[in-house]
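Before any questions on how it binds or moves, here is one chain, the form predicted on its own, in structure tokens.
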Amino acid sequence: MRSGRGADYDQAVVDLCGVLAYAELTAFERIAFDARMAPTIGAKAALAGMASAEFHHFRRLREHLHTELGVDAEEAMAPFVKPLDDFHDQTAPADWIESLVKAYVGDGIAVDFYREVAALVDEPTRSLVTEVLADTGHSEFVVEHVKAAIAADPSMAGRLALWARRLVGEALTQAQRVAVDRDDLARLIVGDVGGHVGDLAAVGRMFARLTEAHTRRMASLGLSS
């Protein structure tokens, strides 16, 4: 891949697509597993459809890596396998409702972050990232079922709020780990690639937007942030 914007930029784009591809693959696996735990046939069917959409997103990213960026997709994903797997291992939900909160809150902050980064890359990649991060209906599904569970057992709200806070903390820790390990991606985030001078104030504003979106997401579940 040669974009004309420098080798550091090109590698950052590969890293962005690589981490997203592996994230979509693991999302497929987790939603398919959640479908097995779903309490009704309707819920199982809805989650199965969402899992299928996530796998389609994975295939689109894999094809983009191979065809448009000219790299091996598995090699592009490899650096992100351990940090993402570690995150999921450390945040294994205790039950189906916790798994829904994890998908909505934990994945939600990651999606917001990737959208912010996508604004910094070329149009073909940006359009693809926007496409694969589109909500497949999971958000509405989660909000409906979590709010119903809390209505049936109000004592559950405190436990789920603590769970959500833990998820965000773990997600931010893993994001920092990825940034430390992938210098080009980190420089893209701060705007320090292709000869551009980094803007740390812009990074601060980005994290403020992520925090605001997380607060809204928690409120939609009826949970305190």
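As the structure is a prediction and not an experimental result, all values here were calculated from the model. The first residue of the shown sequence is 1; numbering continues from there.
Beyond the structure shown, there is the form predicted together with another copy of the chain, which is absent from this document and is the topic of what follows.
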**Asked** Looking at 163-171, 63-71, 43-51, 181-189, which one sits within 4.5 Å of another copy of the chain in the predicted complex if you count heavy atoms only?
**Response** 43-51
**Complete:** Among Val129, Val142, Met77, Val105, just one has a heavy atom within 4.5 Å of another copy of the chain in the predicted complex, namely Met77
**Message:** If we define contact as a non-hydrogen atom of the residue within 4.5 angstroms of the partner, is Ala134 a contact of another copy of the chain in the predicted complex?
**Reply:** no
**Prompt:** Are any of the heavy atoms in Ala151 no more than 4.5 Å from a heavy atom of another copy of the chain in the predicted complex?
**Reply:** no
**Item:** Residue contact check: Ala157 to another copy of the chain in the predicted complex, 4.5 Å heavy atom
**Value:** no
**Asked** Applying a 4.5 Å heavy atom distance criterion, does Ala175 contact another copy of the chain in the predicted complex?
**Response** no
**Item:** Contact set, 22-43 vs another copy of the chain in the predicted complex - heavy atom within 4.5 angstroms
**Value:** Tyr22, Leu25, Phe28, Glu29, Ala32, Phe33, Ala35, Arg36, Ile41, Gly42
